[in-house]
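A lone chain, given as structure tokens: the form predicted alone.
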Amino acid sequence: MAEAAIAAAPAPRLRVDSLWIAPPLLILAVLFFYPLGLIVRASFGEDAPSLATFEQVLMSSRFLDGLYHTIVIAVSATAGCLVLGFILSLIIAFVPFPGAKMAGRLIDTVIALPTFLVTLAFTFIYGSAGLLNETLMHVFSLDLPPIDFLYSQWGVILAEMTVYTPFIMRPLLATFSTIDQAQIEVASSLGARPLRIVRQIILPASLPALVAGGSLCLLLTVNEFGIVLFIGAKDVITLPLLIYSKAIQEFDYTTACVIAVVNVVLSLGLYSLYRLAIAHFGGRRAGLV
């Protein structure tokens, strides 16, 4: 009876002094909420705050073009990361080859690298004066570089796929390591082809990691700035690049703040979807992202 009463008794709660909460709240207020409040305040205009500035900016063709490119690039890069990451993870996890474990460990290293290194490598290889164009111009005696996709929307998408595919592969490899190999062996012995095994056994088990990793990639690609700026793609203006252009180059801080507020709202919405995806599908394995 005594043991049952002890087991049923609620665990004691630690009393937290409210003074310990003050320092982190103060830091957040100074470093985050105050600057964010200034941006929101400036977005309504300085002289006579109103929503007219929002209406003017949000209806402008340049903002709509930036929003269009942001969404198209983010969705396309995320879809490419999901497909490429799933295929590469399948090869590393289920196709035995020398160095498979080392390849899996290198993923964390790629995640730690700054994004400008990838864009720099793309420029050296695929740029107008890059290795590939120089070779083709020399071999075929061409006057102009035959490959110019790098300075377009496709170049930005491919660069972002290269950078963010490891964010898909990391949780996928963790999920694949938990799949019971006996299921695959039994299905194979019963005559199931590899594509059917992937579709009916591996894909359902990897769905939580795909949803969580894809949500994170979408959030990161929406806010990507360095890759777009470094590549310098013509006629490709995203919301982060538009904020930079308005604030730094044109000194139009009100317009920049309006776009920044929209970008923050969009990012918070995507982050909420990411957390919901982890809570609904992910569990611990998806949370490895």
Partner chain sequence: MSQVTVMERTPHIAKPFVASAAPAASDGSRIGFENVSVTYGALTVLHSFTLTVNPGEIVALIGPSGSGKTTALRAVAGFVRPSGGRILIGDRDVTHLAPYDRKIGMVVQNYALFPHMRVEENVAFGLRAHGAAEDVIKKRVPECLAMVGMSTYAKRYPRELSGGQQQRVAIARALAPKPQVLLLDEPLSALDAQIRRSMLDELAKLHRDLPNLTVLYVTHDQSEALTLANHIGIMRDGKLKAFGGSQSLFRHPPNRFAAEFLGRANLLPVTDVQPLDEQMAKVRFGDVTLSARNHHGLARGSDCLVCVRPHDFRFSRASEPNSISGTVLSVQWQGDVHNITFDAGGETVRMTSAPMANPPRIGEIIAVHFDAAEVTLVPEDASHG
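Numbering follows the first chain given and starts at 1. All values derive from a computational prediction rather than experimental measurement.
Quick note: we don't show the form predicted in complex with the partner chain, though the next part is all about it.
Q: Scan Q183, T109, T135, S128 and let me know which has any heavy atom within 4.5 Å of the partner chain in the predicted complex.
A: It is Q183.
Q: Ok, I201, V72, A103, L219: which has a heavy atom sitting within 4.5 Å of the partner chain in the predicted complex?
A: Looking at the other structure, the residue within range turns out to be I201.
Q: Picking from 191-199, 168-176, 92-100, 145-153, which part of the chain touches the partner chain in the predicted complex when contact means heavy atoms within 4.5 Å?
A: One stretch meets the cut-off, namely 191-199.
Q: Using the partner position in the predicted complex, report whether L84 sits within 4.5 Å of the partner chain, counting heavy atoms only.
A: Taking the distances in the predicted complex, the answer for L84 is no, it never comes within 4.5 Å of the partner chain.
Q: Please tell me whether any heavy atom belonging to A79 falls inside 4.5 Å of a heavy atom of the partner chain, as the geometry stands in the predicted complex.
A: No, A79 is distant from the partner.
Q: Going by a heavy atom distance of 4.5 Å, is A187 a contact of the partner chain in the predicted complex?
A: Close contact exists here: in the predicted complex, A187 approaches the partner chain to within 4.5 Å, heavy atoms only.
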